[in-house]
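In the form predicted on its own, a lone chain appears below as structure tokens.
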């Protein structure tokens, strides 16, 4: 079913409050002959009447009450921001742990016999590369867990 080309004119007339008395006689004649436009005019007129009656019966609120609600909402939002964990603490913890690990490794790098240490930590039959791969895998899991545990900034 095709829409009528004068449907927008009918909509504008009803929404502007000019229907039926304030619009052109040709438009009223068209609405009388076009079923689509007549339906549209009835529907929009009913909506406009309902809206006007709702606006008349709605109590007007005082400016003081509106200001008080806005202040209450602002304070509530500020408290929510304070209660959310920040990003600074987990970031600082990860950074400090990384710096500490680098400092310990840099200090002990030349003093430790790495092959003997890895051989002592490795179960029987594992070679150095297997132990290194497992250690790297565990470090990767720890890094992912730390990143996933960080709070979301969008929240």
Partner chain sequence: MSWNQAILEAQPAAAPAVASPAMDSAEFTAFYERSARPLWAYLLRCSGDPALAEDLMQEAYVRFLGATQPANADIAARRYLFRIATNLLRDHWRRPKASSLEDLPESFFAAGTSADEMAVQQQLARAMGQMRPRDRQILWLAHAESYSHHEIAEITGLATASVRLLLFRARKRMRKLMEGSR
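Bear in mind the structure is a predicted one, so any value in this text is a computation, not a measurement. Residue numbers count along the first chain shown, from 1.
There is another form of the same protein, the form predicted in complex with the partner chain; it is not shown, and what comes next is about it.
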Please identify, from 108-116, 93-101, 42-50, 22-30, the stretch that has a heavy atom within 4.5 Å of the partner chain in the predicted complex. 42-50
For residue 120, is any heavy atom within 4.5 Å of the partner chain in the predicted complex, or not? no
Heavy atom within 4.5 Å of the partner chain in the predicted complex: which residues of 43-70 meet that condition, in order? 43, 44, 46, 47, 49, 50, 51, 53, 54, 55, 56, 57, 58, 59, 61, 63, 66, 67, 69, 70
